[in-house]
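Below you'll find only one chain, the form predicted alone, shown as structure tokens.
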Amino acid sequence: MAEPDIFVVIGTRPEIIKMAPIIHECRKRGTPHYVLHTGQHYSRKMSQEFFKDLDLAAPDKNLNIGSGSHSTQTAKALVGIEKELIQEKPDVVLVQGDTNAVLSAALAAVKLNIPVAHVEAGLRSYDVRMPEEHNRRLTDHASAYLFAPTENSKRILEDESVWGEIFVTGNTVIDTLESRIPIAQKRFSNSDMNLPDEFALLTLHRAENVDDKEILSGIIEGLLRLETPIIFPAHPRTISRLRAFDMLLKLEDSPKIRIIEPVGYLQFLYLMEEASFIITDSGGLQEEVTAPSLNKQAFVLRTSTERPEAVNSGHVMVVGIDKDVFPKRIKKGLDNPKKRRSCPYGDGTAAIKILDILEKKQK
């Protein structure tokens, strides 16, 4: 069977996590592959430590584009990726998700007539305020191979009449989590991390939540009304906004919310496992909480989600961002939890399915 030269593009922590099992599968099969990191996440905790936690070699190339506006990041990545594609001449460009790096790679590839394969295709929030919504839509319509995590995502792609071929594979995040949870359990303990007996784990980073002072202020006020202590590994972007809006000291002085530095992947998995529940505006966490090894309840600080499967499985509740509403919804969800059913994102073999398909298509 033919072994395609696969050009893997990553740029953020979730992309590293979700591409890791595919890179491991390439290594296992001896499939030629090249890993380019755009460097969209410039914190060491957000990047280098994740490679170590996921047993990945350093990327073949790091563009180190760092921070900047969406247009700046997209443009820098587009130019850098195009240069590497011309040099490497791969058979297929593999991207995951909905970041600026994903759109840049898709544009660079199609303009060089190289097929694009999109992992986690067909997700839609229908919230046009989100830059990610535009990135994922444009990438889907530029892709030759679309790896949908669920049947629902497949139907969305069919309804949009995408040109590429659609395959339901499950989500690679489940592959990664199920393989790494046992390692996290051995490496960390509650006493080592000084964790309370009961706590909620918070993540908060989306532009539509943290870039608007009024919205961010309302979210913080609502969080402070909750009874459960909160552990908050704060994203550098969020810390920057909290400081700029004069909210950081208020949080640091609060006995309810404990801000900690961003943590590595294994440490974050341990925090997820130990948390009573999770509060987030992340997309990936909505998938991770459904994994059999976690099976947690998550409350989403957004008005919509592109992961309806996690809502339908009973793991996720979208609670909005209104400070007078979302704390009550969280309390109601805790007092009357839905029955959490099986994981809707596959059985942990998504990477194998994706490599099988690419090998068959590139024969």
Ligand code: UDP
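Note that residue numbering begins at 1 and tracks the sequence as displayed. Keep in mind that this is a model prediction, so the values were computed, not measured.
What comes next is about the form predicted in complex with uridine-5'-diphosphate (UDP), which does not appear here.
Work out which of the listed stretches, 260-268, 218-226, 82-90, 141-149, brings a heavy atom within 4.5 angstroms of uridine-5'-diphosphate (UDP) in the predicted complex.
This holds for exactly one stretch, 260-268.
4.5 Å heavy atom contact, H235 to uridine-5'-diphosphate (UDP) in the predicted complex
Contact with uridine-5'-diphosphate (UDP), yes.
If you check in the predicted complex, is D175 within 4.5 Å of uridine-5'-diphosphate (UDP), heavy atoms only?
It does not: once uridine-5'-diphosphate (UDP) is placed as it appears in the predicted complex, D175 has no heavy atom within 4.5 Å of it.
Given that uridine-5'-diphosphate (UDP) is not shown alongside this chain, does G284 nevertheless sit within 4.5 Å of it in the predicted complex, heavy atom to heavy atom?
Looking in the predicted complex, residue contacts with uridine-5'-diphosphate (UDP) include G284, since a heavy atom lies within 4.5 Å.
Under a 4.5 Å heavy atom criterion, is I17 part of the interface with uridine-5'-diphosphate (UDP) in the predicted complex?
I17: yes, in contact with uridine-5'-diphosphate (UDP) in the predicted complex.
Can you confirm whether R13, F50 and E288, the three residues that make up this candidate site, all sit within 4.5 Å of uridine-5'-diphosphate (UDP) in the predicted complex, judged by heavy atoms?
Checked in the predicted complex: all three residues contact uridine-5'-diphosphate (UDP).
In the predicted complex, the one of L242, M272, I181, L78 near uridine-5'-diphosphate (UDP) [non-hydrogen atom within 4.5 angstroms]:
Looking at L242, M272, I181, L78 one by one, just M272 meets the 4.5 Å heavy-atom criterion.
Just to confirm, with a 4.5 Å cut-off on non-hydrogen atoms, which of R155, H205, K213, K256 contacts uridine-5'-diphosphate (UDP) in the predicted complex?
Among R155, H205, K213, K256, a heavy atom within 4.5 Å of uridine-5'-diphosphate (UDP) in the predicted complex occurs only for H205.
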